[in-house]
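Next up is one chain by itself, shown in structure tokens, the form predicted on its own.
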């Protein structure tokens, strides 16, 4: 089998390489070049690529736009809250299900099902929950429990941030839970027995055995949640549509085209390049840090 793969290696990977090249690499390079021009979507403002070249003008315009800066800060706050919440909930679910012997498959399926919903559909469902169930039924003055801070969550900049976090935790925690469960199942049981014999309690066993050996899974989950949180779009559109200063960075890039007449695709593309650089730097830094904390057994 090894000889077969060695012989046909390049032929086997060629479809994936071509797909990556034509679908990702070329559009990325072209988009980066267009970010230095006054591109209008279907034509160049100067008549040609060279005549419409503006250098770093689009990048200066992007950083001078208060809406872009606000969306960048807002996205960073959302990402920080979402990454922490998703990881804590997913890890708690995995530890709980790892100790269940009967019917564990059913529980895993139930927790994973929200991940199957599309972003727009889920956003509209949660918009109904926040606007009707939370505001008018559960937490109204005449409701089950009066909690004003849980009402009108999509109509306030701060509340909408937590609404997005609640929604994405509900959607993503089950998927990340499966990754953590896979990591937990790979930890040898005799390590726990040895730690217990040495007098380590449940908390000490978790921090001295489980968590260090679970770091490969932590690396993967952190990377996925960071990337997914930064590029969140559909849920933001469905839940608030960017109203009340709730634009995340992906929605801001989309709206930049609509906010300008004629459509300023060049500036929007510059914002996308800035967005890519930020996500790439943070993701690479996170992976390098967490990989150094991984241990072998």
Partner chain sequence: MQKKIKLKAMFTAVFVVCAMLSGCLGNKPDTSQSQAKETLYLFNSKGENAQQFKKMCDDFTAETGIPTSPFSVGSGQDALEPLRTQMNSKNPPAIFSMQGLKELPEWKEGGRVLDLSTVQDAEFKAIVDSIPDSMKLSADGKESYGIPFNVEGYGYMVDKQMLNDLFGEENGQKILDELKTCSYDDFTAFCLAVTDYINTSAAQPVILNGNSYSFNTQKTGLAQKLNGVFAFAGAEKWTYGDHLINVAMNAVFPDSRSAENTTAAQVDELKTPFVAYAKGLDFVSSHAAGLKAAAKRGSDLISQANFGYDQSIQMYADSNALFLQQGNWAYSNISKVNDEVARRSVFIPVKLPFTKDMIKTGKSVEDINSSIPVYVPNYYTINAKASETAQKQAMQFLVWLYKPENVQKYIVDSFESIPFNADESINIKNSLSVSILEYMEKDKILGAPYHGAPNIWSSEVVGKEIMEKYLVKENWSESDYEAISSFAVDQWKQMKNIK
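A quick note: this is a predicted structure, and the numbers were derived from the prediction, not measured. If you superpose the two forms and keep the largest set of C-alpha atoms that fall within 1.5 Å, you have the rigid core. Positions refer to the first chain, counted from 1.
Although it is not shown, the form predicted in complex with the partner chain is what the next lines describe.
- The putative spot formed by 59, 76 and 158 is not touched by the partner chain in the predicted complex; no residue has a non-hydrogen atom within 4.5 angstroms of it.
- Interface residue remark: residue 152 is counted as part of the site for the partner chain in the predicted complex, having a heavy atom within 4.5 Å.
- The closest heavy atom approach of residue 52 to the partner chain in the predicted complex falls outside 4.5 Å.
- The partner chain in the predicted complex is approached by residue 136, whose closest heavy atom lies within 4.5 angstroms of it.
- For the chain shown alone, residue 132 is a contact residue for the partner chain in the predicted complex, at least one non-hydrogen atom being within 4.5 angstroms.
- Residues of 36-75 lying near the partner chain in the predicted complex, listed in sequence order, are 40, 41, 42, 43, 45, the criterion being any heavy atom within 4.5 Å.
- With the core superposed, residue 170 shows a C-alpha displacement below 2 Å between the shown form and the other one.
- Annotation: Cα of residue 152 displaced by less than 2 Å between the shown form and the other one, core superposition.
- Superposed on the core, the two forms barely differ at residue 288: its CA moves less than 2 Å between the shown form and the other one.
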